[in-house]
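Quick setup: one chain, the form predicted on its own, written in structure tokens, and binding and motion questions come after.
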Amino acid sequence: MPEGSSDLRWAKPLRIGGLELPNRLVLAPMSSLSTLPARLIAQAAGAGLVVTEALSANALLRGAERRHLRQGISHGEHRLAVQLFGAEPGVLAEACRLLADQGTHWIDLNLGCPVPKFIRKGAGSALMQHPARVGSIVAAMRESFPGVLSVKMRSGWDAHSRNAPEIARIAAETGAELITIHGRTRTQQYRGRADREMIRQVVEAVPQLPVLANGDVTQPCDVVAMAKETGAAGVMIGRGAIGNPWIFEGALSLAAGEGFCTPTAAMRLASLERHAELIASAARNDRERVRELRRYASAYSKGLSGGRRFRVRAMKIEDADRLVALTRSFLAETGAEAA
């Protein structure tokens, strides 16, 4: 990879399909984690694009998933990609038509999720075993959707079938405009290290498309290293952004030649307050509100003194307001001790 500004493409704007992103740092689609509050906070912290949790094309056509989309629109969410999963070209094409009619500008096809409920339906990373089917699906989606169409994949099904470059070429030939590659196989799940050499091979396989690299990006310097080692045009950040939205602004600060600071307890407290406010307005009921608060209260406490004890207490609380109060108290006390 040549030295110079090409290493920092991820920090530059991207114009694609009539849309313009301020940078190529993307919040990954994660089940129960890439919720509306988390996406809004990531965008405020500098993410150029955010992606929804994977929505079932079948469920969307039945009306079961439409609440997610109404929420995003009602909160003025922008620079949003809706991720779909499914295994039938016709069903996915019809879901694309529905989303287009509702004003969606970007759809991402899930070829990467390794969880059993996806695999049993022949969806997610199960499709990595069927290149021709991937081509049929992408072509059907492309025909029915006028906006940006992207594909997120893994490196392959297992160590013996690491075929991401082939799948990327097929997706590009049938209408995809951007590829994201997570550098693990389906059988690896989230174990081991993401293979950056495989990501580079995908970049080289589709030189006409921007490719986002994904996997093991947990701090701002990982963004810089990932882009430099793979040649990717951008970086998608998943688990590394949970409870740490500052990873986006930290990476952008590095690109600008500036330093970045580890988020303090006071910064975490301010973000927690905003997160709690967004969850309160977005959750359907108290149970859902508590469940999401637990996830993020725990994430904001990671790496802080006394964090383990706090998480044990937090997991036992059933009342949302009590949980917010406990988290607020913990972060305030931690911040005072640090000062």
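Since the model is a prediction, treat every value here as computed from it, not as a measurement. The first residue of the sequence shown is number 1, and the count goes up from there.
Missing here is the form predicted together with a small molecule; even so, the following discussion is about that form.
Peer 1: Which listed residue (244, 185, 214, 150) meets the criterion of a heavy atom within 4.5 Å of the small molecule in the predicted complex?
Peer 2: Answer to the contact question: 214.
Peer 1: Out of 38, 293, 28, 272, which one falls within 4.5 Å of the small molecule in the predicted complex, going by heavy atoms?
Peer 2: The residue from 38, 293, 28, 272 that makes the contact is 28.
Peer 1: Quick check on residue 297: any heavy atom within 4.5 Å of the small molecule in the predicted complex?
Peer 2: No, residue 297 is distant from the partner.
Peer 1: Using the partner position in the predicted complex, report whether residue 201 sits within 4.5 Å of the small molecule, counting heavy atoms only.
Peer 2: Contact check for residue 201: no, nothing within 4.5 Å of the small molecule in the predicted complex.
Peer 1: Contact with the small molecule in the predicted complex for residue 238, defined as at least one heavy atom pair within 4.5 Å: yes or no?
Peer 2: The answer is yes: residue 238 has a heavy atom within 4.5 Å of the small molecule.
Peer 1: Would you classify residue 110 as touching the small molecule in the predicted complex, given a 4.5 Å non-hydrogen atom cut-off?
Peer 2: Because a heavy atom of residue 110 falls inside 4.5 Å of the small molecule in the predicted complex, the answer is yes.
Peer 1: Counting only non-hydrogen atoms, choose the one of 56-64, 305-313, 41-49, 28-36 that falls within 4.5 Å of the small molecule in the predicted complex.
Peer 2: Stretch with heavy atoms near the partner: 28-36.
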